[in-house]
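Next up: just one chain, as structure tokens, the form predicted alone.
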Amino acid sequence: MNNDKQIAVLGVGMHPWGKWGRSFVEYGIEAARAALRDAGLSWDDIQYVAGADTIRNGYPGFIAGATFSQALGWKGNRVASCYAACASGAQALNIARAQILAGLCDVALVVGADTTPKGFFTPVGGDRPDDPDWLRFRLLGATNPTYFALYARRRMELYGATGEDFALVKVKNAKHGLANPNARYRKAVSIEDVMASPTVADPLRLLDICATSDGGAALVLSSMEYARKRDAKPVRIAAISTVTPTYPQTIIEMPNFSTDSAAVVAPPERAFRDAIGFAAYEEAGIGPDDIDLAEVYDLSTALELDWYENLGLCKEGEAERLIRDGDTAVGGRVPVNPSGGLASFGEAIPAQAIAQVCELTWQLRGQADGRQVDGATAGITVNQGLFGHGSSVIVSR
């Protein structure tokens, strides 16, 4: 790995996920203070704040960096605020990393938090007939679960996946989430429970799909030089991928409902989702065989199976074998979502990519009580935001 491009994770913190009915600022501040305590630092030590934005909570949500800085107490620190849908947390992390590597600051705070409505996400208010996201709801009725179901049906047609295979993902993640104090759902489920839950978008059932949640997550980051004065061997951010698709994009990605033509230009070597993790591996100088665990974006049980293949944890069409054989459970060859994943947390959009890094940090420190992956030294996250926002982070020890 290129040590010149690495930064240290000094502290991690979260506000538990749930439906709390309070301001997203409260969740973010609790997570930030927990991260500061974990780092052994105070707010006065922070030189830079990168906030991951939420678009459902008024103007304060659009300027999250300043919102969290004001709530912690104005002190003249520099800020950035960014929105990249579900990849917002990774974008904020990448902004903070750039400031540190450029030598513009030594210590930075990254915060994301959200308060969400009941039910699945709906389009932002107002009539916008030139907005693809608005159109996919209003013109096609393509809610998020509809999109997830199309990909689930694709796995069934191409690889012979079954509803029971999808249910096994939920069973695994629910078992992992039992030991996570920050998880919203801490209850074991069986295959029968999943298969008996109501169909939401065929073939996916209620327990196949993640909820929307309130929650927050934060990281305290620093240069390696600063970190080594405090910790002989800190957890490190070895790579961050924020890639976009390569033209022509021949696979439909929400919210778009058409693809580019490949009649004249050949499809790229790697489809978008494959490229997200590949870019992180390439930057870190490692490959899938070097990874001990992964935190992936399980919006649905079927999508988790897709990510196994996108990250190179198995060959195309082999994800079902991994879940059936227990390879992706804690104790298996490469545990996936030992945190419990979105199945146990739900979506708090600006926080979730940050929360994934929190989990990997706890795992690599050996602090993931009840769900610990033994001997873990490297982990990868993967996430994806609307409109071509890749999100993958490699954390190492």
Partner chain sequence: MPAKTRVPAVEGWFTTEGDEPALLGTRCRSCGTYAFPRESYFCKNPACDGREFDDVALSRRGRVWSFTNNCYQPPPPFVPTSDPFEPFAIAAVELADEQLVVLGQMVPGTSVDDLKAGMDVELVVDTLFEDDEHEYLVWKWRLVETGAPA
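What you see is a predicted model; the values in this text were computed from it and never measured. Positions refer to the first chain, counted from 1.
Separately, the form predicted together with the partner chain exists; it is not shown, and the next lines address it.
Checking 149-157, 172-180, 188-196, 221-229 against the partner chain in the predicted bound form, the stretch whose residues place heavy atoms within 4.5 Å of it is 149-157. Proximity of residue 137 to the partner chain in the predicted bound form: non-hydrogen atoms within 4.5 Å are present. Not displayed here, the partner chain is kept clear of residue 103 by more than 4.5 Å at the level of heavy atoms in the predicted bound form.
Using a 4.5 angstroms limit between non-hydrogen atoms, residue 141 touches the partner chain in the predicted bound form. Mapping the unseen interface onto this chain, residue 260 counts among the residues with a heavy atom inside 4.5 Å of the partner chain in the predicted bound form.
With the partner omitted from this view, the residue of 252, 314, 279, 79 that lies near the partner chain in the predicted bound form is 252 [heavy atom within 4.5 Å]. Among the residues 200, 243, 71, 286, the one placing a heavy atom within 4.5 Å of the partner chain in the predicted bound form is 200.
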